[in-house]
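Just the one chain here, the form predicted on its own, laid out as structure tokens.
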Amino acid sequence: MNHLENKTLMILVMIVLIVSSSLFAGVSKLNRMADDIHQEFLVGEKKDGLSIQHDLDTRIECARNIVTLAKKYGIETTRANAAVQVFEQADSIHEKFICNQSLGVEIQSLVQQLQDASLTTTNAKNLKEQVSIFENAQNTISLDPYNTLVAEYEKETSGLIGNVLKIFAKDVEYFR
């Protein structure tokens, strides 16, 4: 090997090292961003527990309470129970979104049936309270900045290089 071949080989090695280290750094940065966004979904923007996941847990708990009340009045709760169980097993953020919608439909149906039943004063008050909490949790979800953070991530990672890096990085899902 002559001096020129050694120099060419060293330049190629250097280019490969620069490209691979840049790729590694870029993917690491995207993974950190994805982790931060996912943490926002789980524990909130300020890490205070005020998050979409917290609101979803609240909706599930209220749904269970409404189902229990409906059972006391002999109202069929199979579909609502199934919606709760499927929701609890949802893994992805998109699955949780779909399950949240289904749960809302099933609980709305039970609430309508309960409102048509002759509830005791105490049970009517409990139903009203559970429905209020259930709906407020949904309102809070709609105001959560999670989807905005995902949109910012998508905007920041758009383009050829960003799309290539995203192939190797963790996925970020919208809650929709």
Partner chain sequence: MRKFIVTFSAILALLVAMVLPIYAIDVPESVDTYYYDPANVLSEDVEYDISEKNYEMDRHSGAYIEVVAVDYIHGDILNYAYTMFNEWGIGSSEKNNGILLLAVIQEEKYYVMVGRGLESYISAARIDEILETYFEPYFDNEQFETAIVNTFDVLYEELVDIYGVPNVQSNTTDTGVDFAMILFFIVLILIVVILISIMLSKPRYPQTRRTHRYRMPTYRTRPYYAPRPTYRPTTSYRPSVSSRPSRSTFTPSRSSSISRSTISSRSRGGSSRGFGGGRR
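Numbering follows the first chain given and starts at 1. Please read these numbers as outputs of a predicted model, since none were measured by experiment.
Beyond what is shown, the protein has a form predicted in complex with its partner chain; the following relates to that form.
Contact check for L42: no non-hydrogen atom falls within 4.5 Å of its partner chain in the model of the complex. Under a 4.5 angstroms non-hydrogen atom cutoff, its partner chain in the model of the complex lacks R64 among its neighbouring residues. For the chain shown alone, E129 is a contact residue for its partner chain in the model of the complex, at least one non-hydrogen atom being within 4.5 angstroms. When its partner chain is considered in the model of the complex, T140 lines it closely, a heavy atom lying within 4.5 Å. Among the residues Q112, T120, N136, T68, the one placing a heavy atom within 4.5 Å of its partner chain in the model of the complex is N136.
Residues of 151-166 include none with a non-hydrogen atom no more than 4.5 angstroms from its partner chain in the model of the complex.
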